[in-house]
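Shown next as structure tokens: one chain only, the form predicted alone.
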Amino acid sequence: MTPQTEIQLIAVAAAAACALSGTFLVLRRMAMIADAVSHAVLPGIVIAFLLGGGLGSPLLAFGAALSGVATVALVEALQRTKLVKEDTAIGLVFPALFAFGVVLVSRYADHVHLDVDAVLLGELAFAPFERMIIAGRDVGPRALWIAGGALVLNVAAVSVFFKELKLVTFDPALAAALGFSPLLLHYGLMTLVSATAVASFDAVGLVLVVALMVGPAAAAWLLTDRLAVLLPLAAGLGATSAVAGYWLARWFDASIAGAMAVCVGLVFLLVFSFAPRRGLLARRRMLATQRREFAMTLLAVHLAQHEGTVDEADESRLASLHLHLHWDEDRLRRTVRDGLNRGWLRREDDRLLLEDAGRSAARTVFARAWPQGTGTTPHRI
């Protein structure tokens, strides 16, 4: 494989892994925890590096994961005091831990490649040069094995505990009633998030880890309500952003991780704008449709109220309807056109009259406003 192919595979594996665990954070309204954990693993990595004596030590992953879980525990401990809210607790804990890690790096690890720039933006461009050698054979980049392992771990965890995670995410009270431990599953998920952040930490950096955990999941949630569809969709959007970001970085000769994070934002922006049901444009179309429906119903109710009365002729005249309804003429013109097209209205000379469909819509409004047995009756229609 060429180095550029290996870089993209590393990014795709990391993106899919982050998206899978990040989906549950987004659904549980804990997206900022991804930011906190991703930053707070730094002191765990540095301390493990100092104790283990090298970057190849397995203590690094353990120390970082432990640091991530400790971050969540500290945030929840502060929140349980009721003196600060969750967002404030996160804002207090992770900057302190991250700054502590930066101090440790600058003081004790400035002679190795574990520097602040690598922490923030990773070293994807150099990842293919650090090879995994097994029995004297080159089996590929070390980062690809680590990111691939994180992806396998996430797929396995989500597959095995899918029902439990789904239940705890959407109804923790029912999960507890059925004998599951929401607290145990919560910390299991936080451990998975920490392990995923650690696995992606060296290659892609903190900025991209946070973007990949939150962005693809948030975009996928705008496209589907089904968790079984949302998870692979989030992973696919993350992988797409990673590949697009690589080529964007090559085009502009820019940071690869930075360009990938930008593409995560662009993908979310596209989905946010054009999602079929929950997108911004779809929401605006829905609101416009609701306003038109409401206007038609209001016009039908007005005509029904005065149908068969002495003032019906004046109240149904097109020339004066906008005054009675307190509308401008353009709104009246649009509403009349919609009512005629829907078959609610018919026009006779300069008057508007109700058809059966319009009269039925007015009756429905009256039935909801004045239910039977309330002692109040509307005008007969």
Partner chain sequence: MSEALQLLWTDYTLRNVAAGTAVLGAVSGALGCFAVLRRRSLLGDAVSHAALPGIVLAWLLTGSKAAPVLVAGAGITGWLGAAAVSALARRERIREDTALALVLSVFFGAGLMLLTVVQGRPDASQAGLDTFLFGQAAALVERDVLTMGAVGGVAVLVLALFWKEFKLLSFDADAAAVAGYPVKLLDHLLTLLLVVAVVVGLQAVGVVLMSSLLIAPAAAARQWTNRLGRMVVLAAVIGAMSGALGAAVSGLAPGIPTGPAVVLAATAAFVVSLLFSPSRGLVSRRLRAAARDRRLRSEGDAS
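Numbering follows the first chain given and starts at 1. On a predicted model such as this, the values are computed, not experimentally measured, just so you know.
What comes next is about the form predicted together with its partner chain, which is not displayed.
**Q** Would you check whether its partner chain, in the model of the complex, lies within 4.5 angstroms of a non-hydrogen atom from each of Val72, Tyr187 and Leu233?
**A** Verified in the model of the complex; spot residues all out of contact, no.
**Q** Considering its partner chain in the model of the complex, find the one stretch among 172 to 180, 256 to 264, 150 to 158, 131 to 139 with heavy atoms no farther than 4.5 Å from it.
**A** Contact criterion met by 256 to 264 only.
**Q** Just to confirm, with a 4.5 Å cut-off on non-hydrogen atoms, which of Ala218, Ala239, Ile146, Leu167 contacts its partner chain in the model of the complex?
**A** Contact with its partner chain in the model of the complex is made by Ala218 alone.
**Q** Even though its partner chain is not shown here, does Phe274 get within 4.5 Å of it in the model of the complex, heavy atoms only?
**A** Contact check for Phe274: no, nothing within 4.5 Å of its partner chain in the model of the complex.
**Q** Applying a 4.5 Å heavy atom distance criterion, does Leu83 contact its partner chain in the model of the complex?
**A** Looking in the model of the complex, residue contacts with its partner chain include Leu83, since a heavy atom lies within 4.5 Å.
**Q** Does Phe162 make contact with its partner chain in the model of the complex, using a 4.5 Å heavy atom cut-off?
**A** Answer no; every heavy atom of Phe162 is more than 4.5 Å from its partner chain in the model of the complex.
**Q** Any of the heavy atoms of Arg285 lying within 4.5 Å of its partner chain in the model of the complex?
**A** Judged by the heavy-atom cut-off of 4.5 Å, Arg285 is well away from its partner chain in the model of the complex.
**Q** Given a 4.5 Å distance limit between heavy atoms, list every residue of 212 to 247 close to its partner chain in the model of the complex, or none if there are none.
**A** Contacts from 212 to 247: Val214, Gly215, Ala218, Trp221, Leu222, Thr224, Asp225.
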